[in-house]
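One chain follows as structure tokens, the form predicted on its own.
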């Protein structure tokens, strides 16, 4: 081999590790932990959330929005329980060394797991925790994309009262879950503020499947409307059994009703059910239309939980950008405070001073076998 040829081989050999080194230095991988309910009573929400997180992460990485930064996600099943949620957060914090956490799915789980992240100074983005109290109150590392029941239910009820002119209501709620208990408190306060008489209140627990006794007792009071704070698994049974009893009063659900699983499991009984929502599916905003197109390409029919999880990733990406592409835990937390009017499927998103999300809610109902925005 001639000298020029040998020099060329040496030069090529030397250039390869240098180029590889530059590539490695250029792409900082930021790990996000996603604690979602993939099993248990909230699994109908978790599967949708997982699809939203993965889609957003792929889009952010593909877009080059974060120069020299790539996002990666570690999915874990929180099992819809406090105990499993705590174990997942411990792995995220101590083993996976994630920069931020999305989840867990349920407020009940969040009240137990989020304090671990706050103590370890790991920022958390709640994408479906809607209990008004006990989430962001944990501390300044806890931020929330999902609107609280207090931000959605009063406005939804006001619109419905103008539409339906109800004067007397009955309320049924789950008494063994932070979310359903908080939903009841908001419903009760909103009814009282509107001057609506509360004819009666009944409770149930998550393992229950027979609600006939509670529904029969409430029906006998002849209310104009029934408000229900329940997870989707219970909600479908409640709606179905109410209609089987011949009780055709309008039903209004809390955030737990915002899942296609309600329609799938309740069938025709779900027709006419109302629920306030954090996501206006028919919004013509460019960010929402792009989200819908992307999910169709992935053969996913998105719901509110998918849109909120997708937005959670966008918010983390924006926080990193606002921090000058720094991706430390404190950098991301500081970046959250600078997220203003971010274009998302939920609308123009910002954080309130208490770290709750801020955007416009909507009111939907089940019509022709699907959720539609109430005109």
Ligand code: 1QQ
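Numbering follows the first chain given and starts at 1. Fair warning: this is a prediction, and the values are worked out from it, not measured in the lab.
If you look for the form predicted together with this ligand, you will not find it shown, but the lines that follow are about it.
Look at 117-125, 194-202, 281-289, 104-112: in the model of the complex, residues with non-hydrogen atoms within 4.5 angstroms of this ligand sit in 104-112. When contacts are judged by a 4.5 Å heavy atom cut-off, residue 174 does not count as touching this ligand in the model of the complex. The closest heavy atom approach of residue 179 to this ligand in the model of the complex falls within 4.5 Å.
Although the partner is absent here, residue 231 is a contact residue: one of its heavy atoms lies within 4.5 angstroms of this ligand in the model of the complex. Though the partner is left out of this view, residue 71 does not reach within 4.5 Å of this ligand in the model of the complex, counting heavy atoms only. Taking a 4.5 Å heavy atom cutoff to this ligand in the model of the complex, the contact residue among 256, 302, 276, 79 is 256. Screening 187, 99, 131, 242 for any heavy atom within 4.5 Å of this ligand in the model of the complex leaves a single hit, 131. Applying a 4.5 Å heavy atom cutoff to this ligand in the model of the complex picks out 45 as the lone residue from 33-52.
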